[in-house]
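Here we start with a single chain on its own, the form predicted alone, put down as structure tokens.
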């Protein structure tokens, strides 16, 4: 760490002031009030630097966008080479780059998933997933979790926690039913009327702090969907692309969804890319109406080239083996820290999908600030601020893990002194 993270140069002060004035007044003020006046400058691998020089190990990864690191050299080269011949492309016509990506997704996603539609963001992907479930079933209702986050577009927001949908008068309480996480009885109660189009499920709810479902929960939800003619939609925006030690988190439970949504990391952190992957049955509409859903920037050809290489990299056996090895190393290190720090009460973990439970209702926020001071950027969980999200990259090495644990140890001590 080269500079005081609380120091604010004239350059940074100007960016913060202009952000409050023109761009994100409430958000910029919230970060400053938390003691995190971060303005990101240089970024490389699994590190980023504030424009004033403060180095941070990045275990937020913007929700997994940087699974393969910031500006991964192999992906940067793919993008550079693509610029020699490609641009966004024309969404109306067949495309070699889009076909290549779609074939790979069909081959690498579970079982019967076949058709892909590309969109620029996870929010739009979940929005479309809801629509295709409605088309396939002729029903309108969607069941989701009480503490879910699926994006901020109209339908994806309505499927999440209600407050932000209500903020824009975009909540639809008669059409979006919310049930508690890990409760099969509540799920069956919601589905038994036979009028639900789809169940939209994050495999591990990220904004709720990555709680790990019981072994029978997700398979049980899938069986209920089959029983009541409902489409199972797996939101793998944060748990997919190798983070769990499987390419897709849902594979941990051998569940075969009818629709799989991927995003964030599919972009390689370089070009916005998300996808809705569907079975032939759910995607039948693609054979009936070619213009039912179109997006000028969905499936941009440059982005498809990057995403195709992301899939190649994340599905490599050695990469998935590294995730499992790192998971074991972190499990051991985190357990040692938990035993020494009363503030740190539990670990929620599946591979490198990790949440750190604290003893305080706002403990995740406290720990996020303390880690920032110590040279680590990790985000607290928005719907469970007692939990810190701890998202380690797929390609980090032992030295990085050891330094990360060392800084976490120091930050935990800082918070405990602060609370004493």
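Source: prediction; values computed, not measured. Numbering follows the first chain given and starts at 1.
Below, we turn to the form predicted together with a small molecule, even though it does not appear here.
Heavy atoms within 4.5 Å of the small molecule in the predicted complex map, among the stretches 230 to 238, 167 to 175, 78 to 86, 101 to 109, onto 230 to 238 alone.
The candidate spot formed by 123, 149 and 264 is fully in contact with the small molecule in the predicted complex: every one of the three has a heavy atom within 4.5 Å. Within 4.5 Å of some heavy atom of the small molecule in the predicted complex lies at least one heavy atom of residue 202.
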